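Next come structure tokens for two forms of one protein chain, structure 1 first, structure 2 second.
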Structure 1
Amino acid sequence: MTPAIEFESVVRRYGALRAVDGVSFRVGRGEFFALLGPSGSGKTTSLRLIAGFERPDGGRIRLDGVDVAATPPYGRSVNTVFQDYALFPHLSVLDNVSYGLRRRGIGAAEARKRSLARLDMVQLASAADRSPTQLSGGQRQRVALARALVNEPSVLLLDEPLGALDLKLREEMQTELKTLQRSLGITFVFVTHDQGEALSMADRVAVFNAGRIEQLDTPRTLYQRPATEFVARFVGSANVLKGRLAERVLGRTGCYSLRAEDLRLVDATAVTRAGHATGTVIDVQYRGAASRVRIDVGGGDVLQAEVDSGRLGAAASIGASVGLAWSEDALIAVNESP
């Protein structure tokens, strides 16, 4: 089956900066695909390349197997939910949603019917005649979603769609988007800088760094088997042991990822085995069920351990000496990032 989206060594330059630097990936039909990375990593530019707002300086982009180098945005069966929603302020909610249908020559009555059905789907049919400026952030987001989906695109692009919402609403929308994507079977491409969002929603995640993809995998693999130091840090907020620190603590060279929740706090005097460390607690962050403990292991190196808040015990005090233990298979060798 031809992939819904195909990037082949795509390059996009802004002056001397290579915003997208030889990126290749394929997105299957009906897949929920996330582009994850810090700001300026090229993920949004990649999304804009799919939508057609940017033109590649090199490489090929195919949508449904067709090269879209010469296809303007209005000729692509792709719709976008913009970061700031980009709702038309001079049109009512209903007219916003029916905008795409009307421009494609669908009659007013039919466009109205379909738009109302979509608004109903996002529970905003009652707001049809209001102005988007009167809506809350969450409501605008739903209108933007309805406005894109009413066109029945083969691919829906979402540019940090949850970024402007507060935490509770964001969690609700995550579930809702995921359910929606499953029921519609449309390909979703989702840009986010929030690894939690990417891991919980996407089927596969492309992790971007400096215009390139560091790793493209399922959330589970990304988290459990990060391929690079960057992915280990960005996706898992893992401890990275390399160079001097690896030699001292692990007794070997290389670059290793060690997730905070795989570190156990033990009695400092119990640490006898080579490869385990002792240190001093310098900070304890209470986070509800778990707490994050920062431990100075000497030489200016700090490791983070995530510990069950109920079992913090003596380690909860700053300045306490603690031992750190972990099992050998929690150590994952990763490629060092420059």
Structure 2
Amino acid sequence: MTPAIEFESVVRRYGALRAVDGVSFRVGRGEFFALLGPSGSGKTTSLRLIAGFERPDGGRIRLDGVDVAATPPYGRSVNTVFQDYALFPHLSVLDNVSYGLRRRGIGAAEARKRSLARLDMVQLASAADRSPTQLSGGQRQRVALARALVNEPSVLLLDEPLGALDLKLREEMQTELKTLQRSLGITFVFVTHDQGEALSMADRVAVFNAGRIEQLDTPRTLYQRPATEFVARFVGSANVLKGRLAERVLGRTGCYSLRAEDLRLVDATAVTRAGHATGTVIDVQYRGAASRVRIDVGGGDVLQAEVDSGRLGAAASIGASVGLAWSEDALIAVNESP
């Protein structure tokens, strides 16, 4: 089947900076695809290239198998939802949603019918006559979604749309977005710097770094089997053991990922096996059900363990000497970053 979106060795330069550096990927029809990475990694530029707001300096971009290099944004079957929603404050909610339809020459009655249907879909039909300024952040976000979806795009692009929301509302909107995408069957491309958002919603995630994709995989594989040091650190904040630390703690060379939840705190006097470590607790961060414990293992190196908060006890108090243990299969060999 022809992919909904295809990047083939795409390059986008800004002077000497290669913001997108030979990126290739395919997005399947009806897929929820996330572009994940820190600021300046190339994810938003890639989204803008799909939308047509940017033109590539090299490579090819295809939508539904058609090269769109010469196609302007309004000629592409895509719509974009931005972080700031970009609603017109002087128009009602209904008029905001129907704006694109009216611009395309759709009659007032038909535009109203379609717009109310989309507002009903996002549970805001009762707010049709209100001003956007009278709505909460989550409601404005849903209006922006309805406005984008009313044009029936084959691809919906979402540029950090949850970034302005508080934590609880952001988590609720994650569930709503995923449910909406499944019900509509539309291809979603979601840009975020928040690995929790990407892992919880996407079918596949492309992890960007310095204009390139470090790894493209399912959320589970990215978390459990990171391919590179960067992915291990960025997706889930794993401990990375390499160089002197790997030699001292593991008794071997190379670069390895070790998740905080795979580290166990044990009695320091009980650690006798090679490859295990002892250290001093330097910080305990309470995070509800689990706590993050930071342990200085010597030589300026620190490892983090995630521990059930109910089982911390005095042994994990700051300044305590502790042992660290883990199973061999918890160590994942990764490619070391330059």
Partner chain sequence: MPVGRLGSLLHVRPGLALFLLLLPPALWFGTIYLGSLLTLVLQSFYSIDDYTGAIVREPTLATLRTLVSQPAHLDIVLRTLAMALVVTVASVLVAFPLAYYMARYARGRVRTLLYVAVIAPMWTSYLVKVYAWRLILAKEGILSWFVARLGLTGGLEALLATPVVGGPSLASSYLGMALVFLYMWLPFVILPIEASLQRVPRGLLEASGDLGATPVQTFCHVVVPLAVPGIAAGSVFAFSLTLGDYVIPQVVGAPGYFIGMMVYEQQGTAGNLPLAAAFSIVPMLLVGIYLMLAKRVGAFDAL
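Here the rigid core means the biggest group of C-alpha atoms that line up within 1.5 Å when the two forms are laid on top of each other. In this text, all values refer to a predicted model and were calculated from it rather than measured experimentally. Structure 1's sequence is the ruler for residue numbers, which start at 1.
Taken from the form predicted on its own, structure 2 is distinct in origin from structure 1. With the core held fixed, the Cα of residue 218 is displaced between structure 1 and structure 2 by less than 2 Å. Relative to the superposed rigid core, residue 135 undergoes a CA displacement of at least 2 Å between structure 1 and structure 2.
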